[in-house]
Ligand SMILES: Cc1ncc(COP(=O)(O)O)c(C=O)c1O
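As structure tokens, one chain now follows by itself in the form predicted on its own.
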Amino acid sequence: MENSLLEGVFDIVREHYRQRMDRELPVRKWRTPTELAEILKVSIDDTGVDTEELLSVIDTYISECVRTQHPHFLQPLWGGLSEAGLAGEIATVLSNTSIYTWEIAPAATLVEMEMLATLGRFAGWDQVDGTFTSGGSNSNMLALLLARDRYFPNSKIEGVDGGEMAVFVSADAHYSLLMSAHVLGIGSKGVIKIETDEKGQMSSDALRVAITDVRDSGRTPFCVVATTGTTVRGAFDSIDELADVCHDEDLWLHVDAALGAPCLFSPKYKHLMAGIERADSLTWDPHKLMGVPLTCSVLLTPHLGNLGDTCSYIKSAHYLFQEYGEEYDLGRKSLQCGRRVDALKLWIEWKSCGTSGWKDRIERYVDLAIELENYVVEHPDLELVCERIFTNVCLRYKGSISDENEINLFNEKIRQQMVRDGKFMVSVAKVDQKTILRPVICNPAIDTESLNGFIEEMIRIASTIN
């Protein structure tokens, strides 16, 4: 059964991979949860099924998934699927390695160490430590943990009173920082949101005032989080300005560059990350702009030893960690014990396209975003709601509608119908209380035809709404 099952699965994979660029197929089939449960036959029986039925189940599942490789998939900050990335994922699953010791994962260890060192060099660090995590949210949480342990060194043993702490973030920062504050015992009150300017950048002047106010209130500031590539606008905080504040106030500077870090590959756009070498830690998600299959996220820091001090509990894990290979036991600086080798698919993808491939991809994405921006500016019924900074384009349909509430409702209806029709997928968000559609160029399959089709579909749906 195993051989025939795998042969059948590879046939299914080849067929679906071949179809990934077919514009005639829907991005998403609209189903109710009840309908989809019936189609998938989700219930489990006491007895198993034969190979033929199992292959049918797998084929049906893939057919009912959102086609994230589709040229009309413009919704999240990731998308697409390369042949090299898929090959890397298959090799990862086949080897089925957990990367915590050199003994159990020798090849994986060298690959991860090489990827960490290489990414760190692009951040301008002569020395780098880091770890792959389960996603950008966990990378951000680990960064806050490193910062907390520096300023509250006894917290690892004695615990903390989170009510004493404060971390400063942009008003447009990722919600994972609130979750991190929850997990670390800081609480949402300890996350101080700093206002942004018209470009969506955190105000360094407002930050200085907030730090003084927080200290006066009895809390202890310990970390500032800059965001380079905010979720909605795609804005970049000024790392240099925030680094100046952190230097003056003796605070840890973390940069959430989950989206924006690949700018470092491009001579044209690396200025957006100016000052990154002054950061204390950095979140970088290769599964976003770099198109590596989900999930692939990295936490990097130039401070050697901090990760080991925070994460290592080797005395309690005598059954895992032995003296031999200590410097290569990557589990000593990770919050996870069982951990996939996410570095492998990044390494294979990088081997395939080279650094110049990343550069070309990033610059092509920005070129397409500029192209879409121009379409919007030139169209009489559309409005560019805020300045495009990177690959996010924030727009809305306005037409002849003058009432803001009606415009918001109209755009919500456009998006709802677009998802139901299944030809395009795009997210909806708010900018200054305005409901917008936010196509983002993070999918290698997107091209000029995709953008033209999106605008045409948006206008078509608008013409059908009463």
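Start at 1 and count along the sequence shown; that's the residue number. Not measured: the values here are computed from a predicted model.
Below: the form predicted in complex with this ligand, not depicted.
Engineer: So this ligand isn't shown here. In the predicted complex, which residue out of H72, K288, K345, R233 has a non-hydrogen atom within 4.5 Å of it?
Structural biologist: Of the listed residues, the single hit is K288.
Engineer: Which one of T301, T131, T391, T227 is close to this ligand in the predicted complex, taking close to mean a heavy atom within 4.5 Å?
Structural biologist: It is T227.
Engineer: With the cut-off set at 4.5 Å between non-hydrogen atoms, does P106 touch this ligand in the predicted complex?
Structural biologist: No, no contact at 4.5 Å.
Engineer: Quick one: is R340 in contact with this ligand in the predicted complex, heavy atoms, 4.5 Å cut-off?
Structural biologist: Close contact is absent here: in the predicted complex, R340 is far from this ligand, nothing within 4.5 Å, heavy atoms only.
Engineer: Are any of the heavy atoms in S281 no more than 4.5 Å from a heavy atom of this ligand in the predicted complex?
Structural biologist: Heavy-atom contact with this ligand at 4.5 Å: absent for S281.
Engineer: So, in the predicted complex, is H174 in contact with this ligand at a 4.5 angstroms heavy atom limit?
Structural biologist: Yes - in the predicted complex, heavy atoms of H174 and this ligand come within 4.5 Å of each other.
Engineer: Would you point out which of 205-213, 131-139, 180-188, 330-338 contains residues with a non-hydrogen atom within 4.5 Å of this ligand in the predicted complex?
Structural biologist: Looking at the other structure, the answer is 131-139.
Engineer: Which residues from 247-276 come close to this ligand in the predicted complex, meaning a heavy atom within 4.5 Å?
Structural biologist: Residues within 4.5 Å: D256, A258.
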